[in-house]
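Consider the single chain below, provided in structure tokens and representing the form predicted alone.
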Amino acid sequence: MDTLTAPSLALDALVQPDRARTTLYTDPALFEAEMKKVFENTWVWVAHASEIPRPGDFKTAQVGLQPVIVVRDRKGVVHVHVNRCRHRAATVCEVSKGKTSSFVCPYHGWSYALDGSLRGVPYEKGYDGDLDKSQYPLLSLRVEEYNGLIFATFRRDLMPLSDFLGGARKWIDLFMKQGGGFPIRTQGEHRFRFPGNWKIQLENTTDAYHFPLVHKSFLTAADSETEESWDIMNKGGYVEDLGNGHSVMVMMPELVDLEENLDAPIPEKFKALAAELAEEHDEMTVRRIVRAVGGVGFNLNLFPNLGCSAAFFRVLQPIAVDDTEVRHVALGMEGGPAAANRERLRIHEFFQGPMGFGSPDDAEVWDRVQHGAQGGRDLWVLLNRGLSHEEVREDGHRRSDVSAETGMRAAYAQWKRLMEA
């Protein structure tokens, strides 16, 4: 039976506006279908521009389950190629990142230029002059970039990236202000896997409801200023559906725009940093950098695989129906003060690091969701929190309080649209 029309994929029975079946976490046929109908049918984030700043720089990634290479060619143009030799399907790159002048298949030596064109074939005379190399480039995806975020898609007829991001563009621009006047750059990552479905993690980025419970150890271990600032259930925040599956959760309204309120008192926990910065920078520059060090007061979910979460990127990568890889990418200030980048790393480690007070607790509850989903498979996963007082904004976006499940409803509505397409 065609998996896309299998009874287990009757979408109306699986997803409703305020709930979804746990089958979404457990059905292998559904997972196989969404890898094609979601991940190969929309814009997928693959890199930040700072990861490949110079010609020849590359990194490997995935679009759904398809391995890809993100590379900047000699002219500075970014390409995304399927990591598969056109001869006998071997990968042409097994290094996670680096610099190169070409990609060479280790099996039979077919070599490809940075733009994907086939340049060399060993012992070509064996083809008796019947091999047209122009017909066998690496398979390349369509690529577009917005404010340093690089996306790729297999769809040549898909809407422009700017249209796909839509209402999320404003929030991307605000997120990038945490460079404190310097460009944003990546500065290392923590990568781990959890035995659960990718959508469990997708839900988490705009889920404030869990924070004071799951992250109680973080709040207990933090200083009093940090604990007060993260009292996100009582700050008048909100969650908003931004269209196309994207959503934003505003946790600290006072930290939405980091260019505002620069004359506010410097928090006690950053006084030492401010003093160190003041040795080389004027007062306004110091205030701008210090305000940016802790990150923004919101999490932005970009469907289907990127979270711009307070001060880091959270990248999800489906592996199997019950296996997901998560990358927490630390962000810094390109050309900024070493002291500021050091402070950002310490903050990142305290919550997102492998011995931090955030990520391990999150991974534990994601594991429990997958385990619990094996029982009562006909039961619903409830997504109705905040629905009764959800308002429709002038731009058509839906908004509710900070603990609402508006972001999850947005993601599943887009998931359903793509699965039905």
Partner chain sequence: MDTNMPAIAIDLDEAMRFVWLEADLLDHACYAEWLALWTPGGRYVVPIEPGAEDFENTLNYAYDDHAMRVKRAERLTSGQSVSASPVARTVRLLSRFRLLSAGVEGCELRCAQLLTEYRRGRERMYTADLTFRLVRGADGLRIDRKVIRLINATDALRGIGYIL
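Please read these numbers as outputs of a predicted model, since none were measured by experiment. Positions refer to the first chain, counted from 1.
Although not depicted, the form predicted together with the partner chain is the subject of the following passage.
*Asks:* Would you check whether the partner chain, in the model of the complex, lies within 4.5 angstroms of a non-hydrogen atom from each of R191, L345 and F357?
*Replies:* Checking in the model of the complex: R191, L345 and F357 are all within 4.5 Å of the partner chain.
*Asks:* Of 25-33, 52-60, 365-373, 382-390, which is the one stretch near the partner chain in the model of the complex, taking non-hydrogen atoms within 4.5 angstroms as near?
*Replies:* So the stretch in question is 365-373.
*Asks:* Taking the partner chain in the model of the complex as the reference, which of K99, K271, H108, K216 has a non-hydrogen atom within 4.5 Å?
*Replies:* By the 4.5 Å criterion, the partner-contacting residue is K216.
*Asks:* Check each of V256, L161, I232, A330 and return the one that places a heavy atom within 4.5 angstroms of the partner chain in the model of the complex.
*Replies:* By the 4.5 Å heavy-atom cutoff, the listed residue in contact is A330.
*Asks:* According to a 4.5 angstroms non-hydrogen atom cut-off, is F211 in contact with the partner chain in the model of the complex?
*Replies:* Heavy-atom contact with the partner chain at 4.5 Å: absent for F211.
*Asks:* I'd like to check something about T220: if you look in the model of the complex, is any of its heavy atoms closer than or equal to 4.5 Å to a heavy atom of the partner chain?
*Replies:* Judged by the heavy-atom cut-off of 4.5 Å, T220 is in contact with the partner chain in the model of the complex.
*Asks:* Give a yes/no on whether F350 approaches the partner chain to within 4.5 Å in the model of the complex, heavy atoms considered.
*Replies:* Yes, contact at 4.5 Å.
*Asks:* Counting only non-hydrogen atoms and a 4.5 angstroms cut-off, does P122 reach the partner chain in the model of the complex?
*Replies:* Looking in the model of the complex, residue contacts with the partner chain do not include P122, since no heavy atom lies within 4.5 Å.
*Asks:* Taking the partner chain as it sits in the model of the complex, which residues of 376-414 have a non-hydrogen atom within 4.5 Å of it? Please list them.
*Replies:* Not one residue comes within 4.5 Å of the partner.
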